[in-house]
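Consider the single chain below, provided in structure tokens and representing the form predicted on its own.
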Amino acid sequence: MIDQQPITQLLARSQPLLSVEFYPPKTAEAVDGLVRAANRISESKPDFISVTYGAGGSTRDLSATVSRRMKDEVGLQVMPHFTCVGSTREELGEIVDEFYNEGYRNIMALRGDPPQGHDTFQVTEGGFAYASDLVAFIKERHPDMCIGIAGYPEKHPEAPSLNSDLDALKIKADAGGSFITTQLFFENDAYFRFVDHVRARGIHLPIIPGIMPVLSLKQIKRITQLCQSQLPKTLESALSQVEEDPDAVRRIGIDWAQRQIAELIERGAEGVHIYALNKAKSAIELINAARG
């Protein structure tokens, strides 16, 4: 086990930050396989990894197990995700205190997705309605906790306008956010426009672009529909031509992501967060390519 450093300290170094996101499997039996994948990825020395909740908080216990094993067994810097879903203020306090007492010093604070069976977010009685409330709550309870917040280069799906989305981001930042990680995107201009908008709002936190390699056309269409990110027609066309060849699809997806990462770093992005879909090989390829 290694000491958990605040991500802001890692960002203060001269080299770009490289991180990988995992999602917990649906069964305890599958956790061992994910930990083996993390061991493989650890050889490429990512700066940290993050672990999500399942949709609607459905894998909260497994998320905690995965985070703990990656921290204690694999020896990685770990940022657990933490949401408002399904918990009262008191329950959230117990969870964040447990994170802190176990040595975590980084948390990704999110409102969370709608619980299973609902189309809209459901506020738990005695809980929080907004990510900004959760950020402020964590910061008040543990002032030295480094808190990641989410940003949306192509606008949050529920936001009525880009301006209202930026207003919400400013509230989260002012509540105690330490850095911003973006939703996935496939056109780098979307990221750089977003950075300009964020800076114009007086938000000066580091902004880490989130990159997801395409490994399946059907899968990425579903994901982009959910988060309302744009899949470029040139990329979709190239993938469509080889859709029945998984290796060819993967190669196109990895190549596209590698070019995105190279340009982002060249143009001054402070790092890259890889949505790896729990695929060790893809994450390793992208980390190694980013480091040249």
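Note that residue numbering begins at 1 and tracks the sequence as displayed. On a predicted model such as this, the values are computed, not experimentally measured, just so you know.
Same protein, other form: the form predicted in complex with a small molecule, not shown, and the subject of what follows.
Peer 1: Could you work out which of T182, N188, S87, N106 is the residue within 4.5 angstroms of the small molecule in the model of the complex, going by heavy atoms?
Peer 2: Checked against the cut-off, the match is T182.
Peer 1: Name the single residue among A150, I220, I138, L92 that comes within 4.5 Å of the small molecule in the model of the complex, judging by heavy atoms.
Peer 2: Flagged contact: A150.
Peer 1: For the three residues G112, A131 and I171, verify that every one has a non-hydrogen atom within 4.5 Å of the small molecule in the model of the complex; reply yes or no.
Peer 2: Heavy-atom distance to the small molecule in the model of the complex: all three under 4.5 Å.
Peer 1: Can you work out whether D97 and the small molecule are in contact in the model of the complex, taking contact to mean some heavy atom pair no more than 4.5 Å apart?
Peer 2: Outside the cut-off, so no.
Peer 1: Give a yes/no on whether T83 approaches the small molecule to within 4.5 Å in the model of the complex, heavy atoms considered.
Peer 2: Flag for T83 set to yes.
Peer 1: Taking heavy atoms and a 4.5 Å cut-off, does H142 contact the small molecule in the model of the complex?
Peer 2: Output for H142 is no: heavy atoms all beyond 4.5 Å of the small molecule.
Peer 1: Is there a heavy atom of D165 no more than 4.5 Å from a heavy atom of the small molecule in the model of the complex?
Peer 2: Yes - in the model of the complex, heavy atoms of D165 and the small molecule come within 4.5 Å of each other.
Peer 1: Partner absent here, but in the model of the complex, which of 194-202, 150-158, 212-220, 98-106 has residues with a heavy atom within 4.5 Å of the small molecule?
Peer 2: Checking each option against the 4.5 Å cut-off leaves 150-158.
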